[in-house]
Structure formats: structure tokens, C-alpha cells
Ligand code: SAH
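Okay, so here's just one chain, in C-alpha cells, the form predicted on its own.
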């Protein structure tokens, strides 16, 4: 890689980098030296010529550079090396050791991109299998080093790549998917959590095969499900459904647009010896309106839609969709019922999400006279998805626990 390449920042970008924010946007680059290519490591300089750190360069992306390290850190005067990258991966995995050793789960996020100082690398572990996503030009440039580092972790027998997310196209990268190191992933791979088992589809499932970021959400469902009529919207492969049934729900109804996902939900039920109840294949908005028109009522509603705003430009449209969903859920919520509602759109803040849900409750008629919903808890991504103080963009998952009187 071109070690002599450098970029000079505009004053506003200098202030951001000095606060250790890891992103440099294209508009913040005042000059480029050395003709760096995609993924090359560049020296980052301020407008006064002072060195600020080292970054991965991405000429095709709106995020033109992602910081590897800053000059205020020890050893930051040296460029990024294979040893440096490997050590970052090992350190991130070591920080999760306690989670994987306490017996509650064998599955966790090992590396969370910029939050762990490895821009563009997502690595999730399921038992002896690691599934990784390389989403940036910088991560792609160190692909072999990253694969070796993950394969060297104790007990790892398989490293599988799922670099097929849409975000790669913004970096000028083609999709990749396939075995990186070790043996092929087992078609019977399971995630074990809180005494339950869930199928993990490494090769074609959403994200890396399972929603590790909803571990705290699954614990919340377990605490509320007993004796309740449960409605799980956007149920996917039925993790919430299985937990609700296993924890003594009176009834469980699940809605998802994917028939194959609902089939996996049935399998997950069988793995845990529970009946997954009523499964409805269809568009969530349409199905919810039908349930509303039939005056159905539920004591626990779980509303976990896919990402509706992939960027700030899509937030306005997404807020309308979030409002419609939560309005319908509020109308279906029985007296004393609990609504767990989430947004996984990073561009939507918790403050905005709460305002949207409040507006939905108002339009649903839960605006007073003893009918208003109350916030009794908040939900976030779990401990293995950390949010650095200097990088709030890492906080993408947010949720509310609401209760009706």
C-alpha cells in the first residue's frame, strides 16, 4: 500500500478528527497527495500541515477516509501494518471473552467496525464459526490479514465471509460471499442463548445469519411474555416467538413477509420443544390493518421492522412508516398491554423515534383520559455492540418499552 500518500483536511474536518471522530467526509478533504487508491493507508494532515493520524482512503465513498489511529495515541507516528490490524482484531475479541465464557451464550459480535478501531469489519461468532462482513475499501485491502486474525482465535474452525451488503457498492466494491478459512460452515449451526437454541443460516440468512444485536430485546420479551397474548411483527425466523412460547405466553401470533423465514421459525420451535402458534405470511402493514378491522387485541406486541432509513435523506419517509406501524400497534394493544417497539435505522435518533411513536399514540386515540401509553423502559444494542463517546453513529438500535393503563 502507498505509505507516502496523504490528505489535507479543511478546518471543520480538522476539528472533528481532533475530537477523535473516525470519519472524514469528501467535503472535508482539501487536498490529496500521492494518488492513493481504494483502501490505501494515508497520512491525515491538518490545514496547518500537522499530522493528525492515519486513515483508510476510499475515493468512491462519501466517507472519503476512515481513521485507523490518531496522533495522540501511542505509536501513531508509524503507518498501519499487518501486525497493527491483527492486534486490533485480537483485542476486540478479547473484550468479548467474558460474555462468551459466562455460559449464557456461545454467540457474540467479536468486532464492531469503527467502534473497535477496525473500520469496515463486522465479525460475529457462533460457537466455532465466525461470520464476517467487510464493508469498506479499507477492510477489503486488509482482507487476508483480517481472515488470518479471525481464524487464529481460540476454538475457531470456520471463517465465512458475507460481504454482500448494499453498503459495499457505495465503496465501489463488488459483493463477496464464501469460505475464507477452515472448514465449511455446518448447515446445522445453532446459536445458544439463555438455554434456548436458534438456527443460524450463515450462507443466506440476514446479516451474518442471526440478529445478535437483539440479545437484550430477547431478554425483555422473556420477562414479559408469561400469560400474555403475543403479537410478533416482522418475526423473521421467530426468535421472539420461540422465547414467548417457552416463557408461557397464552398465545403467539407471528407476521412476516417471508414464507421461508416462517418455516425456519417452525424449526426453531421444534428445536426448543415449543409450539410457535399462528404464523401469518404477508405484508405487515396490510396484516395489521386486517387485525385492527377484526378488533383483535394483544397483551404484548413486538414491533421490530427492518431498517427503514439507510441514510439521513430517507428519514422523512421512514418516520411516516414508523408512525403508521406504531399507530396500528397502539390500536391493537389491550388494556394493561406492553408494546416493545424498535428502530434499527442509525439515521434516526432516539429522541426522534420517541416523538414519532408519541405522535402515533396520539393519532391512535391514546392521548389522555387514562388511555395514554407510558415509557417504562428503553432498549439498546447489547454490550458487544459498543458505542464510543466520540462516535455516536455506532448507536443504531434503539427501542421503547411502553405500557397501556
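Only a predicted model underlies this, so the values are computations on that prediction, with no experimental measurement involved. Numbering follows the first chain given and starts at 1.
Keep in mind that the form predicted together with S-adenosyl-L-homocysteine is not shown, yet the notes after this line are about it.
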Sole residue of 256, 114, 193, 171 within 4.5 Å of S-adenosyl-L-homocysteine in the predicted complex, by heavy atom: 256
Position in contact with S-adenosyl-L-homocysteine when the complex is considered in the predicted complex, options 283, 275, 278, 87, heavy atoms within 4.5 Å: 283
Contact segment among 128-136, 300-308, 142-150, 103-111, judged by heavy atoms lying within 4.5 Å of S-adenosyl-L-homocysteine in the predicted complex: 300-308
Exercise: residue 265 in contact with S-adenosyl-L-homocysteine in the predicted complex, heavy atom 4.5 Å: no
Contact test in the predicted complex: residue 160 vs S-adenosyl-L-homocysteine, heavy atoms, 4.5 Å: no
Heavy atom of residue 319 within 4.5 Å of S-adenosyl-L-homocysteine in the predicted complex: no
Residue 235 within 4.5 Å of S-adenosyl-L-homocysteine in the predicted complex, heavy atoms: yes
S-adenosyl-L-homocysteine in the predicted complex reached by all of 41, 52 and 66, non-hydrogen atom within 4.5 Å: no
Interface residues of 100-122 toward S-adenosyl-L-homocysteine, as seen in the predicted complex [heavy atoms, 4.5 Å]: none
